[in-house]
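Below you will find one chain, with nothing else, as structure tokens; this is the form predicted alone, and questions on how it binds or moves follow later.
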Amino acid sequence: MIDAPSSPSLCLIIGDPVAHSLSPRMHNAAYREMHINYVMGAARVPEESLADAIAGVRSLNIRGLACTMPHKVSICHLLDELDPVARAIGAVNTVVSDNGKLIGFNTDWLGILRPLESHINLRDKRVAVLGAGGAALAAVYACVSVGASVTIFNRTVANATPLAKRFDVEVAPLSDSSELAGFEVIINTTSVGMSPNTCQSPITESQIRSHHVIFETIYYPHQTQLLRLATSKGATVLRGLDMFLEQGAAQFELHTGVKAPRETMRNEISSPLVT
């Protein structure tokens, strides 16, 4: 654990889009609960401005970052060091400034693994990961690390092939609906279903079976079209908020050096005011 500063500190979540993010709300509630003199804000950073943003982090002595789409992969080469897990995954969702040295971490894989393992033993299970971006990297790493058999499904197979080779897993076109019936777990890491396109789902109702565990990594809205379809078919569902909480708790601990107050964080993001 990197020692946290005792002086007032600023953290930011960066991404594009980022206005919808619950990270500031969740982290600021945790700071208050633990009497930590930190504050988290949000900054929209277009892809072409990422290098400038990281330079700003250095010059402003910002304590840490939460990093979301589309920067989880491209930020890696702008940092001074990657944690071994982040290096293995090839994506970063957390940055900590250690006396000016920017270190990249990945807590997304914990956000996926912890909720899943509370419902199913993943060893030797067949897991379908939908998508091939930064969240997919974390999902594949998490499942492979505990002995699951993973296949990546993507609209464009060529775009998913480097990820499949990285972890020595299979790849298939997302349109191949007949394949999904043979899987125990389906993890959606695409942005399909995210606000404002809330009526969309990456797979159809006919592709979902009652034996499936459907893990939706989108947390806004809370109830995506995929989760509605999965619930109607009697599948077990895990919400994006489950992942968001666990990755955020690990992120909080990296930024502050303090054990995360999970219940406070869960209550904040589960509030009826958050839709």
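The structure presented is a predicted model; accordingly, all values stated were derived computationally and were not measured. Position 1 is the first residue in the sequence shown; the rest follow in order.
Beyond what is shown, the protein has a form predicted together with a small molecule; the following relates to that form.
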Just give me the single entry in A164, I103, V185, L174 that has a non-hydrogen atom within 4.5 angstroms of the small molecule in the predicted bound form. L174
Single option in N159, S149, S145, T198 placed near the small molecule in the predicted bound form, where near means a heavy atom within 4.5 Å: N159
Test of understanding: in the predicted bound form, would R155 fall inside 4.5 Å of the small molecule by heavy atoms? yes
Would T107 count as a contact of the small molecule in the predicted bound form, using a 4.5 angstroms cut-off between non-hydrogen atoms? no
Does the 4.5 Å heavy atom contact test between G133 and the small molecule in the predicted bound form come out positive? yes
I'd like to know if M69 sits close to the small molecule in the predicted bound form, meaning any non-hydrogen atom pair within 4.5 angstroms. yes
In the predicted bound form, which of the stretches 177-185, 108-116, 133-141, 81-89 has residues with heavy atoms within 4.5 Å of the small molecule? 133-141
